[in-house]
Structure formats: structure tokens, C-alpha cells
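Just the one chain here, the form predicted alone, laid out as C-alpha cells.
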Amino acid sequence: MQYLSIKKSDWDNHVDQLLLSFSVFAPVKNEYSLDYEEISSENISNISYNIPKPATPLKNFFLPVKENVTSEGISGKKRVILGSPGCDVAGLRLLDEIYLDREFNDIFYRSRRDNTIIIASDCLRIQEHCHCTAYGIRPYPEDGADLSVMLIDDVVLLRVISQKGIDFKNSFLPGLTPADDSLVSEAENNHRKIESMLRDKWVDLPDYSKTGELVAGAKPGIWKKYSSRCVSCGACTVICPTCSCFLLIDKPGFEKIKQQDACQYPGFERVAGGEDPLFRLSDRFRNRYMCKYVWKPQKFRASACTGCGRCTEACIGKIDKNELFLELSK
């Protein structure tokens, strides 16, 4: 894998030049959270590097919360998304399988993917609920993104990941030089350190495959226990990097609105005549785990949970899915 380096001040100048050709989005930290903002010349210096993780999942750039799929044209505007963590990049693998399927090719999703350069961010620290390695995902992307960035002191180290990344580097990032061996060695040591911290923290957490077995065999009592604190707000699904259920809403004038949906909402599976297989809260709660750990693995290669921990962080009822899995594994 090709490593390139550049001084941070020169990198900021390159980002400023990118604004002439691209819309650029990157994580910016404020007093409340870390989240994506559109970058301008005035806030380039505020970009956060190697800190997990933006409050908004990467999927929202490709699957908007709401869009008109009949009257809105396909935008060809090019953009760069800088600083996405490995868990979010891994989430795109599943979305690509779903929305770029040969038999069902979502033209809106494909256009956004084709017109987006993803410069991921290698994580140099972990948060309380980060557990990507438990599901075989590394905190530094090796595929899915086009490049990945690591800030070491006053030097920006870039890993070129895809052919698209090579073409982007050749066209828009002149002046980058091959990184010296000591810098590459430090980056790889950082990778091993973070992976080790995550493995040690979640050594008892069952892996993705084992979790599926535990979920499939779980008794009704555990779903009632953990769902007793659920308020059906849907925050866990809306903020998830891989959840992508949606409604198609008919509007006057033969318009259709595609809007994100969530299996935790009452009425999610209600059909004509009022029948609703997921009427009970505990059934809706179980449905989400069955979807992620049992049904999705039967159909897709990519993981439907990337271990980002956002669902736990966003839950109003303070439900921790890892506590549930650890209880099941006893």
C-alpha cells in the first residue's frame, strides 16, 4: 500500500485548493459534539483528524433522510468527504451490495458514490462504545475508501487505497512525496496499538457470527427485559451506518418521496386491514437484532453491524446492546 506524506500547513493549502473543484465535508469539533461540516477557507484549521467518530453516519451523504425521487434530478456535483472512520467506511460495503445490485441499481445512490471521494481517517484513540474489531473490522480502512489520513505531529500521512484514490491524488494533490520508513513504521505501530486496545476491551464480546447464533436462539424473556426501556424513538436505526429501510410516500402530482424508516417505529410492518406482525414492542426490538445478525448475513457478504457504538450512545432508554450480547453468551 502506498504511503505519502506532506506537512500539515501544505496539506491545509491543498484542501483550500480542493474547494475550487469540490464541495468538501469534514468533522469539526464544537462544544457539544464532533460532526461533519461543509469546509470553507475559514474553517480548514478546525478539521479534526483521527478522532472517532462524527455524530452523523457516513451513510447520510448517500441516503438522505428524505428525497423526492420523481422531480429531483441526479446531481453530478463532485465532493470530498474527509475524516470518515473505518466503521462508517465498512458500513458502505453493505449499502453498496444493496443499492448497487445488478438487478436493482439505485441511480441516485450510484451517482453520489461515483461523484464522491472518500478520504477516511485512521483512528488513534477509542471511545467507550467502540468495538469494531469484535466484528472483524479494523479501525483503519484498507478498502471501501479512496485514501486514508493520519496526522502525526505536523505531518499528514496519506495511504492510497483505491484506483480512484490514485487518480484523485495525481490530479488534485501534487507535491506529495513517498513517506519515509520511520513515519510508516510509526503509523503501523499506531494501528497495532489501537487494535490491541479494542481487542482487550471487548475480549468477552462474541464475534459477529456467534452473535447471530445467540440472537436466533434467544428466549422471549430477554427481549422483553431489554425492550422495557425502549421508547420506539428509532434513534438507534436512524444513526446506524447500515440501516437503510425507507418508505415511498405518494404525493399529489405523481411525486414520490423516499424517506428513511425504522423498524422500531410503531406501525413499521402494519399492512392493509390493520394487521401488524410487529405490534408488540418486544417483537420490534427483537426484529432489529434478527435483521442485523441473522437475516442480513444470510443474504449479504458485508457485516450489518460495524461496531461503531452509536446505537448505544443515541439510545434515550440507555439500552446497551453489548450488555445484551454478553448476557446471552453466559
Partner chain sequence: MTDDRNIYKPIKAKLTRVIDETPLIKTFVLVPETPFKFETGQFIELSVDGIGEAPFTPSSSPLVTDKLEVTVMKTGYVTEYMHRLEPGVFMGIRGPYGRGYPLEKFYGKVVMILGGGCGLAPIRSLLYALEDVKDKLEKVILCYGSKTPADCVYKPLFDRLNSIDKFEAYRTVDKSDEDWDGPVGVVTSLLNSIKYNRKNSVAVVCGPPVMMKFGTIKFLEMGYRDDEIYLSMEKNMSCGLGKCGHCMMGRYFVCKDGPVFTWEEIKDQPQIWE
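All values derive from a computational prediction rather than experimental measurement. Positions refer to the first chain, counted from 1.
Keep in mind that the form predicted together with the partner chain is missing from the display, and what follows is about it.
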Going by a heavy atom distance of 4.5 Å, is residue 98 a contact of the partner chain in the predicted complex? yes
In the predicted complex, does residue 219 have a heavy atom within 4.5 Å of the partner chain? no
Report whether the minimum heavy atom distance between residue 244 and the partner chain in the predicted complex is within 4.5 Å. yes
Taking 4.5 angstroms as the cut-off for heavy atoms, does residue 61 touch the partner chain in the predicted complex? no
Looking in the predicted complex, is the partner chain within 4.5 angstroms of a heavy atom from every one of 32, 136 and 153? no
Heavy atom within 4.5 Å of the partner chain in the predicted complex - the one residue of 191, 79, 258, 164 that qualifies: 258
If contact means a heavy atom within 4.5 Å, which one of 260-268, 301-309, 24-32, 45-53 is the stretch that engages the partner chain in the predicted complex? 260-268
So which bits of 232-256 sit within 4.5 Å of the partner chain in the predicted complex, heavy atoms only? 244, 245, 246, 247, 248, 250, 251, 252, 253, 254, 256
